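One chain comes next, on its own, written as C-alpha cells: the form predicted on its own.
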C-alpha cells in the first residue's frame, strides 16, 4: 500500500522558539519529496528526519519573507558540495529568481545540477508544474506581500486488490504476484479458462490532494483551492483573542483556519505557523476543533502518514 508522509520540519512562524523552528514541511511520496517553504536551518531537520536531502526534487516558496526562505541558501550550497547532478525545481513569487542568483554567487564551487526557477505573478495557476507523480497548482492568498497557496495533487494511483473479485474467480494470490499486480507489472491473469485484465481486479483511487497556504488571511481563493482536499495545512498563527493582530499582520487565527476547512469540506486540517508567544499551543487546537473536529496541531519533527 502506497503512503504519503508529511514531515513537519518547522512549525513556527516569524521567529523561532525553543519548541518550534521556522516553516518547512517535507511531503514524501515513493522516492521523491517536495519541500514546502524553507525556513532557516531546515536542512538540519531534513537530516534529522532521515529523509535524505537529494530526495527533494521540488521546493515551493509561498512568499519572500525571511522566515520562509532563509534556509534555501544552505540547501543550495550543500547540494553543490555534494555534487548533486539531478535538476531542482524552485517555485515562488517574483523576486525568487534574483534571490537564488544572489545565493549562488556566494557558493564557492561550481554547480553540477540545473536549477529551474519558476516565478509566479498571476492570481491563479491551474498547473504550474507537473511530472509523472505530482501536479502543482496555485492561487494568490492574502498577506502583507504577495503570497501563494499551493495545491499538490499526487497523481500516482493507489491500487488495491478487489478481494470480492478474487474470491469469485477462485484465484490464489502469492505474495509475489500480489506485489507485481500492485506495481502494474502484470497485464492479465489466467482464471476460469480465460484471460482476466488486471483493471478488473483493482480498486483505483486516482488523486490525493494537499493544500498549503503559507501566511494568509482567510480568503475565498483558498476555500476554492482546497475544495474537497484530503489535507489542508493552514496559517493558524494566533488564538481568537488576537484577532485584530491577525488582521493587521495578514495572518489567521486557528478558528478562522477551521472555518475555511469547514467551508471547503476538506478531510483534515493541520494548524501551522504557530506564534512563538505560545509555549503551549493547545488552546489553538481547542478553538479550531470546536469548529472543525478533524484538526491536528503538529509539533516540530512530527510526522503523519496517510494512505494514497
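Numbering follows the first chain given and starts at 1. Being a predicted model, the structure only gives us computed values, none of them experimental.
There is also a form predicted in complex with a further copy of the same chain; it is not shown, and the following applies to it.
Q: Can you pick the one in 99, 188, 113, 178 that has a heavy atom within 4.5 Å of a further copy of the same chain in the predicted complex?
A: Going through each option in turn, the one that passes is 99.
Q: Answer with one of 242, 259, 70, 30: the residue that has a non-hydrogen atom within 4.5 Å of a further copy of the same chain in the predicted complex.
A: Contact with a further copy of the same chain in the predicted complex is made by 70 alone.
Q: Taking heavy atoms and a 4.5 Å cut-off, does residue 60 contact a further copy of the same chain in the predicted complex?
A: It does not: once a further copy of the same chain is placed as it appears in the predicted complex, residue 60 has no heavy atom within 4.5 Å of it.
Q: Is residue 42 close enough to a further copy of the same chain in the predicted complex to count, meaning some heavy atom within 4.5 Å?
A: Heavy-atom contact with a further copy of the same chain at 4.5 Å: present for residue 42.
Q: Is residue 284 close enough to touch a further copy of the same chain in the predicted complex, meaning at least one heavy atom pair within 4.5 Å?
A: So residue 284 does not count as contacting a further copy of the same chain.
Q: Report yes if any heavy atom of residue 133 sits within 4.5 Å of a heavy atom of a further copy of the same chain in the predicted complex; otherwise report no.
A: Answer no; every heavy atom of residue 133 is more than 4.5 Å from a further copy of the same chain in the predicted complex.
Q: With a further copy of the same chain left out here, work out from 120 to 128, 102 to 110, 167 to 175, 224 to 232 which stretch has heavy atoms within 4.5 Å of it in the predicted complex.
A: Among the candidates, contact is made by 102 to 110.
Q: Heavy atoms within 4.5 Å of a further copy of the same chain in the predicted complex is the criterion; list the residues of 5 to 33 that meet it.
A: The stretch 5 to 33, when checked against a further copy of the same chain in the predicted complex, contributes 14, 15, 16, 18, 21, 22 at the 4.5 Å heavy-atom cut-off.
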